[in-house]
Structure formats: C-alpha cells, structure tokens
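Read the single chain below, which is given as structure tokens and is the form predicted alone.
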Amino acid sequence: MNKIASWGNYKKVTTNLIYPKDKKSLIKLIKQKKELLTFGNGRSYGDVCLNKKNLISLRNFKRIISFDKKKGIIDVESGILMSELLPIILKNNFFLPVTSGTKFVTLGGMVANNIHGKNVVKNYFSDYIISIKLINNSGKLINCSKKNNKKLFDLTTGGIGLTGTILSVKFRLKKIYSTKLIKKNIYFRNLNNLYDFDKLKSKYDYSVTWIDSFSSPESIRGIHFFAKHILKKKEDINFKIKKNYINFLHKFVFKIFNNFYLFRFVNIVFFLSHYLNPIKKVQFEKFFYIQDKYYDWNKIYGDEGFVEVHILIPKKKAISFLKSFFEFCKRNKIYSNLIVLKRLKHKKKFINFAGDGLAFSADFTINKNYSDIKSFFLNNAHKYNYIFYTAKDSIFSKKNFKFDKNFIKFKKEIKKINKNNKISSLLSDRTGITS
C-alpha cells in the first residue's frame, strides 16, 4: 500500500498504486479490480486524482505512436509527461495547442480534465483532439472521436477519468518558428479596464491577468499579460528540461515569516518587475510555466498544504463577484497567495467547466481561516452562478450540482456507462457522481 497525496498536499489516501507494463496487463487489471482510477503524475490540486482502493498509473505508457511532421498531427500514449513530449515536438518547430500552467502533467490528465490555457480563442484542449483510444471498465478497447462514438468522446474530454482508461490520444499541434514570444503587460488600477483582453485578443495569441492579492475592494488592481509567437525563419530548437527543487532554505524562509509578509514582498517585487518592463521578448517557459522554476514548489506551503479555488464566473457577474471577494478578504483579514484570471468561452454539451466568463483561481494556505474561505465560496455559488473546476477542487459539494445543468447531464450519462461505480475518485464520491 502507498500513501499518495494530490498536489495541494491537503488530500491524502493510502491506496494500492499499480504500474502495469503493457496493454495486456493493463486490461487484465481493469477486469480484475472492482474499484479503480487511472493515475497520471498526481498534479491535480484536489482529490480528483485519488482513489482509496486502486490507482493504476500509466507512466509506463509514453510511446509516440505516430507523428506527421508536415500536418502537425501526433498520436501518443497517455502516460507521457509534457516535459517528455516538448523536446520532441519543439525540435520539429511545433508547440502544444493548449497547455496547462505546468509541463509536468500527463497527456491523459490533460484530456480527462480538459485543461484550458491562456489562448485567446479555442482555449480548451478538446478543441484540438482528433481521436481517443479508451479502455472501458469491462476491459474493452474503444475508439472515439467527434465523428465516431461522439457522446463518449464528449464525456471523456473533461470526464475526470470516469468514462474509462485513456490509452492514447491523437491531436493537432501548433506550428511555431521560435521558442520566444513577444509579451506586453498592461497595468490597471481598477476594474474599469478588466475586459481589455477582449479588445486586444485579435492582436495576440495568449492572455492572462494577475490580480494583486492585497488589493482593497475600492481599488482592485492588476496586470494583463498578452503574448504572441514570434513569426520568423525557423530556428534550431534544442530544448532540455531542467528541474530545480525547493530546499531547506526555501521552506525555512516561508515558515519563519509565516507567509504573510513574505508573500506581500513577493507581490510587490512581481508587480514592479512587470510594470517597469511593459514590452519584451521572453522564452516560452517564462510565460507558460512560471511555477515550474521549482519542480516541487507546493512544498513552500508547509505540511498542511494548500487549496486552489478555481471557478468560472459568468461575464456579467465577474466584477460584482470580485468586489464581494475582496470585501470578504478585508473584513476577515484573509489574503490569497496568488490570484489569476483567464477569459474562457465554450459551449460544449457535457463539459463540466464551460461557459462565457472569467476563470478565477486563488490559492490559499490551509490554516485557521480555511473554514471561512470554504463557506464564502460555497455560499456564493448560486448568487454569482459560478461553477467549480474539478481538476483543482477540494470543496464543492452535492448542493452545487443543482445550479449546474451541464454537470447534472454529465452525472446522468456517467451513471449509464460506469456500471457499479467501478471507476471513482474521492471527488466523484464527494460530489455524488459515484456514491
């Protein structure tokens, strides 16, 4: 038995972690086990990647099945990390069509959580998937795409692993000519300029907004970051992954300063460094994978861990919500370690995190204020009509289902294909999908 924690180190289980070596042994395991969940690299923040009985890791499944270098179409086994795939595709002047905030996630995890990136248009990974090979809970291999087994395809992309084990994925890559991007930073002093990214989206490929965690309700300030790929002649790209680790000094500094003063200082430094350099060229890692500077950066939050509240707020209610949130923070002397906004727009039928609005994410250290933070987000879900992103969630409950029509449909469809709740996670049990 193994003790496994999700990335937030808040949710933990003692379970049987199994590493099948080939497809035959994988199918045999799926047929034998009465309760299971496929496991990637454990980078989900909450409990969506945990099962109390059996976790089946696909890290041995990382073979590139085919790679059409002219069309930019690749077919890869789902256990591969993006840090393993990037050097291969970059060498051939391709990049991921959508990427999460870390390159240490598996392809299967990206599909199961239907990750959304900083893209100004088509910002869900499912927009670029051609087909998926899936092993259902009875051990049968199924091919699904937007044309064949479409309902299963729709349920699997964003299906949090409940439709079966994702064996391989064929998807489109993005053609690039350089590892550098042109980045533009726009500072704003209040929410009147919150939707600048809608005005500038035609000029840039990517956008993301950083909010100063120590803003007041009267003056919520931040920086819009825009970026686009440099269009020039192809350069020879020789990209290598570097792994730096959090050491004793890092953990000691964060612990002795009790986080507050240190994060306040980090916020100021972060703001000044970007405010004073509004336009510059940056390597893609410094725009997409800032937190990957330290492979195990989650350790700075201490032994109790942290949670990330990641919600999608309808566009019309976003400003009102932000004011309410900062009023709550001021009233209770609470702060977030990091607040980020992204503009999302999607109308997919079964997806559990879609709509026209703002994705709001905020990190919180687990401490005496956690119960108040949890209550605030749960109690305001109906008022602001926001939905929670399952890949990072640790708090939302069955009650939130009645406000999310897409999730209700998703739950009903999962019940039809996931017989006897064979595939489940702590999250699916907690939210009533499989319990």
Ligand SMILES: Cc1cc2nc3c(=O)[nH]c(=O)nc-3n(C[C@H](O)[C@H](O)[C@H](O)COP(=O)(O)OP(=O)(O)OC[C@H]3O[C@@H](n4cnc5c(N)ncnc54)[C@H](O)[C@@H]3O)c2cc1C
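Keep in mind that what you see is a predicted model, and the values were worked out from it rather than measured. Residue numbers here begin at 1 and follow the sequence given.
Below: the form predicted in complex with the ligand, not depicted.
Requested in this report: Kindly confirm or deny that Pro217, Gly222 and Leu322 each have some heavy atom within 4.5 angstroms of the ligand in the predicted bound form.
Outcome: Zero of three within 4.5 Å in the predicted bound form.
Query raised in the report: Among 262-270, 108-116, 236-244, 170-178, which stretch has residues whose heavy atoms lie within 4.5 Å of the ligand in the predicted bound form?
Result: Result for this chain: 108-116.
Query raised in the report: Can you pick the one in Phe287, Trp210, Phe254, Trp297 that has a heavy atom within 4.5 Å of the ligand in the predicted bound form?
Result: Contact with the ligand in the predicted bound form is made by Trp297 alone.
Report task. Counting non-hydrogen atoms within 4.5 angstroms of the ligand in the predicted bound form, say which of Asn400, Asn54, Asn385, Asn41 makes the cut. Result -> Contact residue from the list: Asn41.
**Report entry** 4.5 angstroms heavy atom contact with the ligand in the predicted bound form for Ile89
**Finding:** Heavy-atom contact with the ligand at 4.5 Å: absent for Ile89.
**Report entry** Distance check, Gly302 to the ligand in the predicted bound form, heavy atom within 4.5 Å
**Finding:** The answer is no: Gly302 has no heavy atom within 4.5 Å of the ligand.
Query raised in the report: Would Thr365 show up as a contact with the ligand in the predicted bound form if we use heavy atoms at 4.5 Å?
Result: No - in the predicted bound form, heavy atoms of Thr365 and the ligand never come within 4.5 Å of each other.
Requested in this report: Look up in the predicted bound form whether Leu58 has a non-hydrogen atom within 4.5 angstroms of the ligand, and give yes or no.
Outcome: Output for Leu58 is yes: heavy atoms within 4.5 Å of the ligand.
Requested in this report: Go through 361-392 residue by residue and record those having a heavy atom within 4.5 Å of the ligand in the predicted bound form; state none if no residue qualifies.
Outcome: Heavy-atom contacts within 4.5 Å come from Tyr389, Ala391, Lys392.
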